[in-house]
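Same protein, same chain, two forms; see structure 1 and structure 2 below, as structure tokens.
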Structure 1
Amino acid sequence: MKNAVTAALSAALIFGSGSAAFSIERGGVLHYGRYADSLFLDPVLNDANVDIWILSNLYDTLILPTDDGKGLKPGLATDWKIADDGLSVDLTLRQGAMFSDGTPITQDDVIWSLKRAANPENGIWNFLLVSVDDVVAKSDDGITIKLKHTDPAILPALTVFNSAIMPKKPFEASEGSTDAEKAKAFAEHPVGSGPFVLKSWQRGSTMELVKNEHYWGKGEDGKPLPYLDGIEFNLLPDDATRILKLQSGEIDGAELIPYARVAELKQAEGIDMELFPSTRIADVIMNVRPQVDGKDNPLSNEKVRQALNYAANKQAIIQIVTHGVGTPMSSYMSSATPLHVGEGAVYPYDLEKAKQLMKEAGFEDGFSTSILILAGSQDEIGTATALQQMWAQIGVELELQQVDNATRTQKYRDGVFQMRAGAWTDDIADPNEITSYYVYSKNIDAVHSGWKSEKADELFEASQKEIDQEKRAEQYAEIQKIYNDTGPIVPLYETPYPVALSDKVHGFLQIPLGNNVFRAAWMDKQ
């Protein structure tokens, strides 16, 4: 067991961009094109990447993930130690750290933040801290997390957005009688612990962040981070529009570039086309409840789901949509996720087997269904169009429903969809997060699909306490087999993060866990 980690690195090494200090230029506002707007900026109660990837710039956690997404580095805690019996964790808090309003980050704030995140009544991510029994002060500069049972992922869990450190008094003084009501009010004008602060948010248009003048981190020049004066996020759902505005200089960066444009942008003057290593997967999520909107649901039939998988030619989709950048998913989790098992596509293309399974399921003549895709997303439209053609060969008529992100998210959460194009990125260097979301029925009905396996649920619960890595690996291997055989998804491909930046932008990073890290980003002023 890992007994102790000490913050031997300086803040400059922790956060440095790797550029020579004399070359870094401070100031300026970076304009960044997003495919979808955020929904709710609360670390504990959110449920979407459009929120998570903003929150990591507004709030810090006790421990931060390393740039490769695999390790740990000091954040608001400078060192930590797990007890020999595995039932407690001692953390030393960073002295002098302040919130964005200039008030000190206290033991009380840290204890309250972790207890709120671990509260089973708060949000869907509390399972990451389900082992937490209590959080108490330790001497003058630390805390102790007492555990109900051993937890193999407790340290990585402290890097995740929902364990962000928030100010207790301003939150509790917010309007509302419940935690959710207070969170909604507080999120409009949050006081954070991260490198940036929310200045304004015109929903459906722009979001402005400004530098946190009280941030604890130091840059390579020895001065406080961040280097930028601010970030302006521009909502640009249409892929082509994001690219045009980047090419014209109206914005300085753009996320989720369609893979069909990657080669072109790699050759474009003045643009750095980045493919950041990731844990990102793309799939199709099926609603497998017996009925949807009062009608019998063919997708509730396991053989139908298997037929759709065999009839989906993943290699062809990878060539059509990602232009060869992607690789077939070999499990429901990415191959970069710890304890992943599998090689090659989960379901290799086999049209005849797909037809036979449709016949055995009683759907030899096929059926009609629909898929929710994001309007303006070239990748999702391309994937769904390819599936539409492939599934037509087994009699399945697929209707493409292009909607905005907020509409799709609501239908998905309410369970009033048939299929949706899905994507996932790990937020923790452990398989428990994606498994709780995709597999564990007691969390959100297994990725809002209605799928359930009592055996998989039992294995997941046992894995949350298992510190023997060999036994835990066996548990996850069995979970993956159960889900891959009977689960509610069509696993398609995994890909890097495609981000295009002006060549004037330096130090931006999207780590494999998805976090957009603007902390050490800077821009040439000319």
Structure 2
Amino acid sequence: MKNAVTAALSAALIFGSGSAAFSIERGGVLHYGRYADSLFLDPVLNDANVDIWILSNLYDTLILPTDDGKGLKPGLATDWKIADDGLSVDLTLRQGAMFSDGTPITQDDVIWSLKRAANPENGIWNFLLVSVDDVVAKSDDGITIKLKHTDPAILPALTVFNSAIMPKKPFEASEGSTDAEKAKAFAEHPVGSGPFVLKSWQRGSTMELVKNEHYWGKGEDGKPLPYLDGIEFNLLPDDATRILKLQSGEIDGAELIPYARVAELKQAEGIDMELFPSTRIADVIMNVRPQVDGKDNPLSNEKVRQALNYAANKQAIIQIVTHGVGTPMSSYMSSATPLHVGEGAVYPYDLEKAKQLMKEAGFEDGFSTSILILAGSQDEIGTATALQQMWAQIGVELELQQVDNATRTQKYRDGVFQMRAGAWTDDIADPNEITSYYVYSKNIDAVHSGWKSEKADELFEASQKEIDQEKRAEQYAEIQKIYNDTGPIVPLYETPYPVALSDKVHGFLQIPLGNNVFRAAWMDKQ
């Protein structure tokens, strides 16, 4: 746990990354091209990355994630301590911190915000705070979070967007009788605690954020952050248009650059092609139930799954789909996820071994199966086409079924699929989120695969309460071994976040959890 000294030191070092060699210039509006618009800017009730990844600019959390996405640094809390019995957390609140309307951030606001986020009736993220029993005021400047049981991930959970601090009074004064109605009304004219505040939003076109004049953070020049006067998000769904607009100087940054354009933009004058480390993984999820649609399912055989894994040439797929930008997955979780174990591809390409395993499984002559892929997704079509050819060599005939996302989700949830292309990004700097979905059978049937390991379930349940970090790391090592050896997926590759920026832009960061951090971004004026 951190003590006050390390917290203070970290505070002094916050926001310094990447820009120390420059003399920072203040002011200006950064125009940033996004591929899709936000939907609903409520930290608790949102449900999509398009909201999650920009919310940290509008609302601060008590603790902030470090730049590598793995550690913790002070946010609206300056210090924290977990009790010796692990059943409560004391946090000291930052003195003088204010909301964007100039009113002070009080204990009441913090208690109300955390309770709202932990309420099982609210949204889909409350599971991250499932251990929270109560939140109470402590002396004059702090709060205590009381836990139902020990929770090793409680501090990372306080960095996640859903535990952001919002102003209780204006929220409750908003129109509507339910929390959802009030959230809707409040989100139209929000009062925030982050470095920026929403000024206007033309849905489907532009969103303007302006600097929060009351923000607590200090820049390298000792003056308040942020450096920018504002950010303008321009919605540019077409990849080619987004890049053209950056090249013509009409915007200063563009997200989600297609991998095929990365090499070209690395050479382009006036553009910094950034590949920010991420927790994003891409895989193939197999339905391992003994029968699917009333027919025997070869994928229920562990050896068949291993054979498919060995027969998939990940390096080739990485070249074809990500143009060499990706790296092979070395576990079911990304290598940027805490407690990840593994080096090199989980199953290195070995066609002979794959054939041998198919023979041992009694499928020497192969079988036919199918994969659900997202219609129009070049990445998924590329991956599935490559797998089709690779698996044909062990006699497996793969049919590609292109469907839209809602159709796929429905089939997937109903368990009426053979395989599907999958992807994941962590929202919390802890392995528990991905593990609860991918491995733990009692949440969503291990990514709806029907796979179940009692041992892995037990280990996961134990790890959720284990506050001895070493023991927890051992538990996770074992979970990963079980899952990687016998699990329902073909792990393919990890990819960074490809963001192209004008070389005038400095200090922008997309952390491995996906958050776009503009807090310490600044631009050359010239």
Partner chain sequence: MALLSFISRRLLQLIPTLAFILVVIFVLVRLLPGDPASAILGDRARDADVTRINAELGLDQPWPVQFALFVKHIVTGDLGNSIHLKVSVASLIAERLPVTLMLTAMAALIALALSVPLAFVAATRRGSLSDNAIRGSFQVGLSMPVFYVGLILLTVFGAKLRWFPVGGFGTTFLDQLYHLFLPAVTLALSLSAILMRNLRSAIIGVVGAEYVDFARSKGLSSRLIMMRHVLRNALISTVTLLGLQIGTLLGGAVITETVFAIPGAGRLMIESIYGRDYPVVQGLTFALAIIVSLTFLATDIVQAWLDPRVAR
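In this text the structure is predicted, and so the values were computed from the model without any measurement. Just so we're on the same page, residue numbers count up from 1 along structure 1's sequence. What we label the rigid core is the largest C-alpha set whose atoms superpose within 1.5 Å from one form to the other.
Comparing the two isolated copies of the chain, the second one is the form predicted together with the partner chain. If you fit the rigid core between structure 1 and structure 2, you'll see the Cα of A473 move by 2 angstroms or more.
Relative to the superposed core, Y412 undergoes a Cα shift of 2 Å or more between structure 1 and structure 2. Of the two rigid parts of this chain, the smaller turns against the larger by 26 degrees between structure 1 and structure 2, per C-alpha superposition. At S331, the distance the Cα travels between structure 1 and structure 2 is 5.2 Å after the core is superposed.
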